[in-house]
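Just one chain follows, in the form predicted alone, and it is written as structure tokens.
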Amino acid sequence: MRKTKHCIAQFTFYDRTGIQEFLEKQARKGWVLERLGNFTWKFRRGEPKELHYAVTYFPKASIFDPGPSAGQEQLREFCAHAGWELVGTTAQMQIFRSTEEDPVPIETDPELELENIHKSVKKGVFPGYFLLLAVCVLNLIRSFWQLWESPLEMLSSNLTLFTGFSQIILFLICALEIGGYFLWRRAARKALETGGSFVRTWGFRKAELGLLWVEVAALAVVLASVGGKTVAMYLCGVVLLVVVMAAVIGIREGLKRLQFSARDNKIITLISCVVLSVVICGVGTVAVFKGIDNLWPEENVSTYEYRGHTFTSYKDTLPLTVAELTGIESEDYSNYIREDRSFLVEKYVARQDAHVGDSELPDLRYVIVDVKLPWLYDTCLNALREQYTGWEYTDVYGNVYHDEFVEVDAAPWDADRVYQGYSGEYPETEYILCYGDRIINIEFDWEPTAEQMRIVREKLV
């Protein structure tokens, strides 16, 4: 039978009544609070008994304090005289325990208690939540901007979609924490103004933990959908972040044991956080990426030399090649294909480029987009049609040309819709082909024939 257990601190900072009732319930089960950690509470097994807990707040305290201040010592002496034993502290929150049947209350002035809680919340937890909320808002703005500017890149990547989703989750958590507190404070103020007693505190920590579990589940699904190399990179990034956090906490606690002042401790800890973030997450990330590249080397890749320069050549298997369209076969081609897949959109980017120096060989490039949700079809189609929006060309006569895709006759391609690229009034050999829920953006180095159009349909549709 285990003698100790650790529980995640599952209560909102100001939820003193929830904390008290939880600790008293644990005591009746035989678990007595022993220590408050940074992320967990440690309990030790004992005899089931009725214990009373009291949670108080000391606004002037700080997580950087080397020890209790004179005011805190005075409070503890007063509580000890009244039969209350200090169990632990975390920043401004202090937890006391009493074995007496009907102990003297520590807090006797609801107005003062409410003010102490408010000052402690503003100093202790709100700065972090407001900072996180601001970061979430900025990241959400960036995600929506990316969705507006490059919808295909975002919609076809589960990791990118998850990044936006995680920002929404964190935003909701911050909103619940901040909004929940002000709703409670408003109710408490109203009760005191009408002569009532102190209002029970409440929190949304269970809802917040539920949101975090939703995010963890979403991350697990996303990581299961990508390759081992991506999973390794993501997990290594998480490990590096945990290392930074552990190092910063260790520095802070070490400075407290060395009796550094709260001000000096705070400055040194913040500087250490910045330096360690740059060193560990910067240099460490480069080292991790190199190691992962060695473990998962890219396949079908070689190099070649031309006029003293080294170039990369890919030998991937393509669904459609120049040889199948024109009969031209050569070893001097780089065949490249990459896939981006999400639960919304699948995108395949393929290129067959002649090696540098083989300008007589034609190139072939195409993008295949499979749209899984019908209401996203027009978004994906418009993203391809508008990929050259804003591009301008000026010829020697000063004429300005704009690139755009114009709808043309779909019959030769046997497609639902076809759009051809135009530079001004001049047609290009680039097309967007619509077949059901598949969209193909294909660019030739020549004008395709009817037979080549048939081969495109056969190979890509």
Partner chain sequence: MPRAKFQTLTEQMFYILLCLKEECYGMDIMDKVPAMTGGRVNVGSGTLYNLLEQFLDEGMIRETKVEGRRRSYILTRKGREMLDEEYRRLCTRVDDYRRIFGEEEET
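Numbering follows the first chain given and starts at 1. The term rigid core refers to the maximal set of C-alpha atoms that superpose within 1.5 Å between the two forms. The shown structure was predicted, so the numbers you read here are calculated from the model rather than taken from an experiment.
What follows is about the form predicted together with the partner chain, which we do not show.
Peer 1: Using the partner position in the predicted bound form, report whether Ala383 sits within 4.5 Å of the partner chain, counting heavy atoms only.
Peer 2: Contact with the partner chain, no.
Peer 1: Is Val104 close enough to the partner chain in the predicted bound form to count, meaning some heavy atom within 4.5 Å?
Peer 2: Because a heavy atom of Val104 falls inside 4.5 Å of the partner chain in the predicted bound form, the answer is yes.
Peer 1: Report yes if any heavy atom of Ser261 sits within 4.5 Å of a heavy atom of the partner chain in the predicted bound form; otherwise report no.
Peer 2: Outside the cut-off, so no.
Peer 1: Though only this chain appears here, would Glu149 touch the partner chain in the predicted bound form if you measure heavy atom gaps against 4.5 Å?
Peer 2: Residue-level check for Glu149: no, no contact with the partner chain.
Peer 1: Among the candidate residues Val239, Ile141, Val274, Leu112, which is the single one with a non-hydrogen atom no more than 4.5 Å from the partner chain in the predicted bound form?
Peer 2: Answer to the contact question: Leu112.
Peer 1: The partner chain isn't shown here, but in the predicted bound form which of Thr310, Thr99, Thr389, Gln74 has a heavy atom within 4.5 Å of it?
Peer 2: The residue in contact is Gln74.
Peer 1: Spot the stretch among 253-261, 224-232, 185-193, 327-335 with residues whose non-hydrogen atoms come within 4.5 Å of the partner chain in the predicted bound form.
Peer 2: The contacting stretch here is 185-193.
Peer 1: Whether Thr4, Trp31 and Leu36 jointly form a contact site for the partner chain in the predicted bound form is the question; each needs a heavy atom within 4.5 Å.
Peer 2: Checked in the predicted bound form: no contact with the partner chain for any of the three.
Peer 1: Taking the partner chain in the predicted bound form, which residues along 77-99 bring a heavy atom to within 4.5 Å of it?
Peer 2: Going through 77-99 in order - heavy atoms within 4.5 Å of the partner chain in the predicted bound form - the hits are Glu77, Phe78, Cys79, His81, Ala82, Trp84.
Peer 1: So with the core overlaid, does the Cα of Ala323 end up 2 Å or more away between this form and the one not shown?
Peer 2: It does not, since the Ala323 C-alpha is displaced less than 2 Å between this form and the one not shown after the core fit.
Peer 1: Does Ala80 move its CA by 2 angstroms or more between this form and the one not shown when the core is aligned?
Peer 2: Yes, the C-alpha position differs by at least 2 Å between this form and the one not shown.
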